[in-house]
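In the form predicted alone, a lone chain appears below as structure tokens.
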């Protein structure tokens, strides 16, 4: 039984999002539970095989919210207040949880599909009018993804850019807290508080549902949250959940679209198939989710007890990092994982996580991506990179692997 190991690997891995880091296969095949040193200088266990990744994600003895506790080993310094992680990882109120889950369900908004399609085509119209080359990150993926999340929250779509600029600081991965992180968070939290407390009160989206809960404090009092209507702390909680949902959702959906577009323009036969066989789009999005490398850092969990993971006994209080690109490229589960195969018979990828923290917006994310990618391949059949893929500049020190720009021709 192994209980310790040398820190032989530098983590995080390469920030390039178009090439699988060379260490991923070596880690999974030779060191599926490897000791690494994080940005903060702490030690952690990096788990990279599919079976062990799934074990960690599904075992409730590995906690997400406790990674924000004081004094625990960290993947990187907290650049948002610890209560944010706690709030998002432990929404105990049934009323609050139901409001969030209803907001994230595509079925809750019967007009959402048509609205997303119209928004995608509106943005493509603007790109076409301006002419190629164009940056699809600024001109399509970010405004499209941010607009969706503005609609989900019930805030003006025109405010998307100011909120996305906050994400640029909120999700920086740094070895130490930096000065701008706290004022950045409270600036955007103040925006959400103002929207929540507006007169007249919001009626649409998640903020509309939260406003209704504020008018009926007894609903949340029964769930252990006191004086939602009158207490500053309770308003802060509601605004924190709204802001966190926007940040995590908008950056994840936009980043995935960027990676999917890069894959399709590098293999135009895949885009051509989507044009010929639009019915394959659901399987295509799932396969692109498996293949994409947008999750720039591993998923963190803190061990709440001693747990055997493969040949390693992980001790209580130790940090475990789940390497999604290791799991999603595991040939034991995905034959020829380096190939994008829209016809995989089974595709149990971990792009949305697993266990109690499986992404509640998975159905929404799929709908968002399917509509966007189908519109792009139909409207811009000659879509291609405007520069060699090696010249894309990948953002360093960020929670996602992002190209700073994605200039394309068509």
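Numbering follows the first chain given and starts at 1. Every value quoted in this text rests on a predicted model; they were computed, and no experiment measured them.
Absent from the display: the form predicted in complex with a small molecule. The rest refers to it.
Screening 234, 253, 328, 79 for any heavy atom within 4.5 Å of the small molecule in the model of the complex leaves a single hit, 253. The partner is absent here; in the model of the complex, the one residue of 46, 56, 373, 361 having a heavy atom within 4.5 Å of the small molecule is 361.
Each of 104, 289 and 353 comes within 4.5 Å of the small molecule in the model of the complex, counting any heavy atom.
With a 4.5 Å cutoff on heavy atoms, residue 357 counts as touching the small molecule in the model of the complex.
At least one heavy atom of residue 248 is located within 4.5 Å of the small molecule in the model of the complex. Contact check for residue 64: a non-hydrogen atom falls within 4.5 Å of the small molecule in the model of the complex.
Within this chain, residue 299 lines the site of the small molecule in the model of the complex, having a heavy atom no more than 4.5 Å away. Of the candidate stretches 361 to 369, 26 to 34, 378 to 386, 340 to 348, only 361 to 369 has residues with heavy atoms within 4.5 Å of the small molecule in the model of the complex.
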